[in-house]
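Only one chain is included here, represented as structure tokens and corresponding to the form predicted on its own.
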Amino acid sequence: MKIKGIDDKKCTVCMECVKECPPGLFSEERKQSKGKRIVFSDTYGNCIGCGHCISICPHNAICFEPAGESLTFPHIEDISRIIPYQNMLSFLQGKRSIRRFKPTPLPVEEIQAVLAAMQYAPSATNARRWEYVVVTNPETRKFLESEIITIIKKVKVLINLKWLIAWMLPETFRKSLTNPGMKLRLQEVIADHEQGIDNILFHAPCIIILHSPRYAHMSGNDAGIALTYGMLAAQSRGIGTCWDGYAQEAFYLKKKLKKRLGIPAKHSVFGVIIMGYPDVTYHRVPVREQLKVQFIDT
């Protein structure tokens, strides 16, 4: 989206766009013959396309491309009225990572509804560099599962050599390899796979992979926000989700996977979520530790 200017016929010079614009691209212009008006100037291309000027203008006077109607809906002036806090809190408390799915395929319109929610996720400087791959083809899913199992088997070999090669590895990876529980867990995953039990993608009928180029230090943060938007939107439609760490790590360790799915070589996979209709019912919220919070108010 590109801001083009202001429709002087609609503008009432309320100054809201001047106050709101993060890079300060709107200003008041005074001319004796024409009085005062608001002008938009972006000589150096500093507009990030956040659209806050469009959102805040009470008279829809901001001109932009591509042309179209900006979205509005009841209570947009006070969105706290849409979902009361206690309802939202209960919705968030009830969020579970789903690893048991019904074999029922997800309709395309349900997947599109989840993607539509991610479209409105915020990102640093409105970069919005995300791209997505949606996998619903069973053969592609089986390919991913098989490739991830191959990687897990190789990691298991590394565990057996951990004392020989530990000094070569990053600290976080080294800690994982020297954790006795890691080897046991990988053995279980491999054994389950050989018996047709999928503890990697959990037979999920849909997989969403988010990839983007790296930018500044915020690309991972932005991905986390976008996928969280999607997971919460899915929950509101009765769809279960889970962030899949095995799959995400596999794309990092094996470049072949990116090529197979058409992901550019210079892009990084910042998150993978699996989705489907839950085949499980939860009856209560588990206990969570209190947050460790420091207030600095003096």
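Being a predicted model, the structure only gives us computed values, none of them experimental. A residue's number is simply how far along the shown sequence it sits, counting from 1.
Heads up, the form predicted in complex with a small molecule isn't pictured, but that's what we're talking about next.
J.: Flag residue 97 as yes or no: does it have a non-hydrogen atom within 4.5 angstroms of any non-hydrogen atom of the small molecule in the predicted complex?
T.: Judged by the heavy-atom cut-off of 4.5 Å, residue 97 is in contact with the small molecule in the predicted complex.
J.: Residue 269 near the small molecule in the predicted complex, any heavy atom under 4.5 Å?
T.: The answer is no: residue 269 has no heavy atom within 4.5 Å of the small molecule.
J.: Is it the case that residue 38, even though its partner is missing from this view, gets within 4.5 Å of the small molecule in the predicted complex, heavy atoms only?
T.: Looking in the predicted complex, residue contacts with the small molecule do not include residue 38, since no heavy atom lies within 4.5 Å.
J.: I'd like to check something about residue 262: if you look in the predicted complex, is any of its heavy atoms closer than or equal to 4.5 Å to a heavy atom of the small molecule?
T.: Output for residue 262 is no: heavy atoms all beyond 4.5 Å of the small molecule.
J.: Report the stretch among 239 to 247, 254 to 262, 41 to 49, 22 to 30 that approaches the small molecule in the predicted complex to within 4.5 Å, counting heavy atoms only.
T.: Looking at the other structure, the answer is 239 to 247.
J.: Which listed residue (202, 215, 143, 132) meets the criterion of a heavy atom within 4.5 Å of the small molecule in the predicted complex?
T.: Partner contact (heavy atom, 4.5 Å) among the options: 202.
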